[in-house]
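One chain follows as structure tokens, the form predicted alone.
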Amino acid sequence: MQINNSLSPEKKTFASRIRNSFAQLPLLAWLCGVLGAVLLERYLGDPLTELLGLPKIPALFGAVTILKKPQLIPGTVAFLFLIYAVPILVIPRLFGSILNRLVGRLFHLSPAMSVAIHLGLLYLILSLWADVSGYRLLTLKLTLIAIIVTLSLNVINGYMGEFSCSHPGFLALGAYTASVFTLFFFVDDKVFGAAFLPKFLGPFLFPIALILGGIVAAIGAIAIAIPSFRTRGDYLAIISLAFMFIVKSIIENLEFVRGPRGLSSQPNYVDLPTVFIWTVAAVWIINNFVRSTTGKALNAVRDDEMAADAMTVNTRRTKIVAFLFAAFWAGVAGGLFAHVLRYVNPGTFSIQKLAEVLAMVYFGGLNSVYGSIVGAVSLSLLGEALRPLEIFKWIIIPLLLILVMIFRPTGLIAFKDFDVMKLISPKEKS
């Protein structure tokens, strides 16, 4: 017992030193480390793959390559270590103190400028990483859209404490509304005829299509909110699930949107900057919403609706506002989704899409913007990485979710505020 007691503090001290040394590094240092990694991959990736006997640069951190050809595991691991692990660990340690002082000056001079620099560096990293292949670019776009969808659903299922199954319906309304708008006004289409407006105006008016898709989704949410919020219990889940099937069935029977055949030929307006800007806007606006007075009222309603009502919180109005707000952003995400794939059909917004979105919310963490981002990114990339396993992918991912639900019932990062100012502020040395 005495030996264990004497060794334990030393182990804890060593571990705490390592932890503190990395904790003192600002976010800018880590971003510089990742930037160094993607630059290294861009300029030295091809020669290194030839040297290691790899057919090409690993698309998603080597997972797809390893699953397809296990004999390439040593080369893939060596590639990831040299290209990613070394610069990400070394660069922040080498320049951490310098960057910490730089962040301190920027932060005290202008927090807005500091935010802009961090976002600009993040976008540069993502664009360089995605520029390696079209597959990476498509995966990145869909992952950013998944962040918007997960955040919007977390407003209802996390912050409001209800259980909604209507998000695929909102996605469908946004996707079809935005698609009809762009196809009718800016595309010579066999369904809608000649373009109504000059085509060069399309990219400039595309935000109107997304906002219109969000508004239509919010109007559809009223059909759920008015009857379901007059009741208590699980009625919202039942009504919202019915709403999802109703929307899907209506679209399948509307011939002017080609019914079950779906709409195609959407204009290519959604490049990486567009998705990135809309994702940043969604994170910022949704984070401000959940931290506002309405967001605090949502938490009060979730914890004890009767007590919140007794404290003069208009519980029904608060829930309806939050529900419409979440539906709006789901509609915007649907419009982006339709124009990324440039094809959309009712079958896309089925029970499987609902399962994917719910998994992202509960895997990442309830009542947390951090959790929504982590859940959307991790499950989106995991789903793509496990694609070579085909049917076995749908065994591994549910098992992972079951383990999370057993050991972390509220998700990986639950009930944690997302404070941008703390995230980009300089780290004080202990």
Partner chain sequence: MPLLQIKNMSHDFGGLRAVNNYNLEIEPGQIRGLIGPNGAGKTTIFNLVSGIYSPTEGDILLNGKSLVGLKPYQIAAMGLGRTFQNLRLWRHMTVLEHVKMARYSKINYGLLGAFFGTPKRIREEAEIEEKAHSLLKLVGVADLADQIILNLPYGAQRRVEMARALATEPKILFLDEPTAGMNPEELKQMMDIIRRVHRELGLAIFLIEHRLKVVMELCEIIQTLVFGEVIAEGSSEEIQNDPKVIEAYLGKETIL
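Numbering follows the first chain given and starts at 1. Just so you know, these numbers come straight off a predicted model, no measurement behind them.
Note that the form predicted in complex with its partner chain isn't included here; everything after this is about it.
Undergrad: Based on heavy atom distances of at most 4.5 Å to its partner chain in the model of the complex, which listed stretch, 352-360, 174-182, 294-302, 207-215, is the contact stretch?
TA: Among the candidates, contact is made by 294-302.
Undergrad: Pick from 197, 223, 285, 90: which has a non-hydrogen atom within 4.5 Å of its partner chain in the model of the complex?
TA: Answer to the contact question: 285.
Undergrad: Given that its partner chain is left out here, which of 340, 106, 308, 257 has a heavy atom within 4.5 Å of it in the model of the complex?
TA: Selected residue: 308.
Undergrad: Can you check whether residue 321 is within 4.5 Å of its partner chain in the model of the complex, heavy atom basis?
TA: The answer is yes: residue 321 has a heavy atom within 4.5 Å of its partner chain.
Undergrad: Decide whether residue 314 counts as a contact residue for its partner chain in the model of the complex under a heavy atom distance cut-off of 4.5 Å.
TA: Judged by the heavy-atom cut-off of 4.5 Å, residue 314 is in contact with its partner chain in the model of the complex.
Undergrad: Does residue 278 reach its partner chain in the model of the complex if we count a contact as any heavy atom within 4.5 Å?
TA: Residue 278 lies outside the contact set for its partner chain.
Undergrad: Decide whether residue 243 counts as a contact residue for its partner chain in the model of the complex under a heavy atom distance cut-off of 4.5 Å.
TA: Looking in the model of the complex, residue contacts with its partner chain do not include residue 243, since no heavy atom lies within 4.5 Å.
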